[in-house]
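Only one chain is given next, in structure tokens, and it is the form predicted alone.
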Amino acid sequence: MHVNFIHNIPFFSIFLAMFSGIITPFIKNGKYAQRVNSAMILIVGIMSAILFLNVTATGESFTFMMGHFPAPWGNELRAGPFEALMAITFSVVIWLTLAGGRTFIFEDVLSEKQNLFFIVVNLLFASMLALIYTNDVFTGYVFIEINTIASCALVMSKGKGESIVATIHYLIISLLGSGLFLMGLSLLYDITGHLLMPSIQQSIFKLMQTGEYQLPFMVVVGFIVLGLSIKSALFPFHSMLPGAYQAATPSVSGILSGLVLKSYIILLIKIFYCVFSIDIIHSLKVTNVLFIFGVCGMVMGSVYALREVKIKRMLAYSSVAQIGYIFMGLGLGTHVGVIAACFHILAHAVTKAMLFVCTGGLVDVSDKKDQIRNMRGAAHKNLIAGIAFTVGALSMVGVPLFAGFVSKIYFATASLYSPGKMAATLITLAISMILNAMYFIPSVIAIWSLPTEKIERAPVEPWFAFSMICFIVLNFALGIFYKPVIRILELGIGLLS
């Protein structure tokens, strides 16, 4: 039988990440475990690039039946331009984040537990890939749980009291979201009798035509959307983020903010299109609810960030605001709004991961003090970290030529296709950008201010410098050459529907 290598890439990617997690316990040396992890991510990234080039060239998507067993015994993976673009972005960002923060990892994690750290990273990466590719809702739930457990283990990897408390808080909120999602899936399976997304969608169309199970179906949609919104830290379900990001090592904070939260949103987008359909989501007014919570998150996340004196907690609240942007885009209820939200997923991933890692470098040269007022002159001591933080800050504010500017412009453009929400969108965008500037610009000024004492340039680890340079290039690339990315997203989202 002819084996189509391209169609096997999603499975191989997930399998390779999980297999790396299985063999890593036998590698006792943390640095060797890190090399295995790095090689695995690199291979998955190359395979994702091959998949990306293939599906964008053909303009088609495909499903891969696991083990060639049909439902209900087997499940499926789905891949198209949307999934391939997200997979390659996740591979690049997690590789650069771990490479740039490797020094902090080996400093913060006990030597005898460093191999365990990379076991968890492998499983986390596998779970995110599975959430991107899955075409089966129960498989999505299984990997949501793996994602949650792995995230909690990484937050706790420092082993200090602060990180343990933060992990418990993170776990409680995350389990609330997981529980609601599972309740929704259980009811959905009871109503439709299917777990594969296309099969569920066909059953839902029949139910909508007959008018059966209207109230239970509304409950199902509410549970699933609320569960994934909590997992994504949509305001006001964000309280676990500041403590977790503050307590974790910089690479972990970057991965959690830049990638983990987005993996749940990607699954939610796939469920909207491949399970419920956008027309049904509109009819149930789900987009209106998401829009309200999104705009509230955009403002309140920035207000909380404005009050923070510790830089990592400030970035955590900034992430709350950026998640609000994404849900606001979904809440516009238009195709253009979803495209803007997906582009912001990419822009925020490359920007916030960079900000957390370079913040580790700035804190390191500030005598380990993470209060912004104690970081005067830090950019002069670690030049590449200072430049990276400045680029990230300007991108978050929405300055032209940076990735964040394009997503904000696209959100404003998308609002024109939703007249009832246009005024609220434009006003909230303006307020949010002003608030972003009010806490990011003073931070940039602080790190570039000349200190009273003599400046001594700190040595910069080569991998840190390489990572920051790559992130900066990616930010400019998304800010300048954004049109091909937008076209790919339009194609990918179009194929989802």
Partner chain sequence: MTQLIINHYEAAAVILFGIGFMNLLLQNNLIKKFIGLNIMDTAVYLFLAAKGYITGRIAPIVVDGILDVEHYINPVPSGLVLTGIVVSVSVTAFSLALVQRLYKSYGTLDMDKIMSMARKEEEE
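Residue numbers count along the first chain shown, from 1. Only a predicted model underlies this, so the values are computations on that prediction, with no experimental measurement involved.
The same protein also exists as the form predicted in complex with its partner chain; that form is not shown, yet it is the one meant from here on.
Remark: Gly179 counts among the residues lining its partner chain in the model of the complex, judged by a heavy atom distance of 4.5 Å or less.
Taking the partner from the other structure, its partner chain in the model of the complex has a heavy atom within 4.5 Å of a heavy atom of His169. For the chain shown alone, Ile149 is a contact residue for its partner chain in the model of the complex, at least one non-hydrogen atom being within 4.5 angstroms.
Though the partner is left out of this view, His335 does not reach within 4.5 Å of its partner chain in the model of the complex, counting heavy atoms only. From the list 257-265, 95-103, 275-283, 190-198, the contact stretch for its partner chain in the model of the complex under a 4.5 Å heavy atom rule is 190-198. For the options Val399, Leu116, Val165, Leu383, the one in contact with its partner chain in the model of the complex, meaning a heavy atom within 4.5 Å, is Val165. With the partner omitted here, the residue from Tyr317, Tyr141, Phe217, Tyr410 that has a non-hydrogen atom within 4.5 angstroms of its partner chain in the model of the complex is Tyr141. Looking at 302-330, the residues that come within 4.5 Å of its partner chain in the model of the complex, counting any heavy atom, are Lys310, Arg313.
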